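First comes one chain, alone, set out as structure tokens in the form predicted alone.
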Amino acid sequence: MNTFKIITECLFAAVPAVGFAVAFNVPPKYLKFCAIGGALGFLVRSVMMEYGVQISLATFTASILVSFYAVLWAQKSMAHPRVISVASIIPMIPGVYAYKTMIAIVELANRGYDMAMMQSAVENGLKTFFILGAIAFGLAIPGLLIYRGKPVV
């Protein structure tokens, strides 16, 4: 595992987190938390995938961690957790898989049925679906556990 590569990728993952935070009108004092959250989530997902964990499970774990991080810092800074967590999750959106799915679907429409294109569309579409589901559930779980009115058990 190349440490320099992972650190560089984490720094580059912080950029879209801050960019989307600015686009969502997050106050400037919270931008550093969004950057740290984006880098943290990408780091956890990358390290887990490096050790052979599937991308959907790694994304689920990373999004839970980012959501707990957001809840922690939101309570300390008197902000809503979604201010930090939504922008921090953006670097983990499966854009490449969604792009490959759409390209395969367009090729199917243009050329007609092809088994390889159909397999590519289904495979990448399912990966996109499960990664987005992992992100959604990962963002929801910490809020459900922490802000729950009744005990879990």
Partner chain sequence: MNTAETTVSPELERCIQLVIFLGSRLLESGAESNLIRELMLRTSRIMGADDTEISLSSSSMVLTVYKDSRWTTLTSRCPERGVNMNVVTQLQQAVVHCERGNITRDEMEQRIKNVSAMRYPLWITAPAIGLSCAFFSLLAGGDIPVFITTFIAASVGRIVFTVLNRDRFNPVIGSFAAAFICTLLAGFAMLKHFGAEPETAVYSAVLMLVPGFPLVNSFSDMLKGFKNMGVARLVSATLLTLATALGILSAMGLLGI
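Positions refer to the first chain, counted from 1. Small disclaimer: the values here were computed from a predicted structure and weren't measured.
Although not depicted, the form predicted in complex with its partner chain is the subject of the following passage.
- Note on contacts: among 117, 86, 58, 40, the single residue with a heavy atom within 4.5 Å of its partner chain in the model of the complex is 86.
- The partner is absent here; in the model of the complex, the one residue of 121, 26, 35, 65 having a heavy atom within 4.5 Å of its partner chain is 26.
- In the model of the complex, no heavy atom of residue 44 sits within 4.5 Å of its partner chain.
- Remark: residue 106 counts among the residues lining its partner chain in the model of the complex, judged by a heavy atom distance of 4.5 Å or less.
- At the 4.5 Å threshold, heavy atoms of residue 79 reach its partner chain in the model of the complex.
- Residue 69 falls outside the set of residues with a heavy atom inside 4.5 Å of its partner chain in the model of the complex.
- Residues are counted as partner-facing when one of their heavy atoms sits within 4.5 Å of its partner chain in the model of the complex; in 13-30 these are 13, 15, 16, 19, 20, 22, 23, 24, 25, 26, 27, 28, 30, in sequence order.
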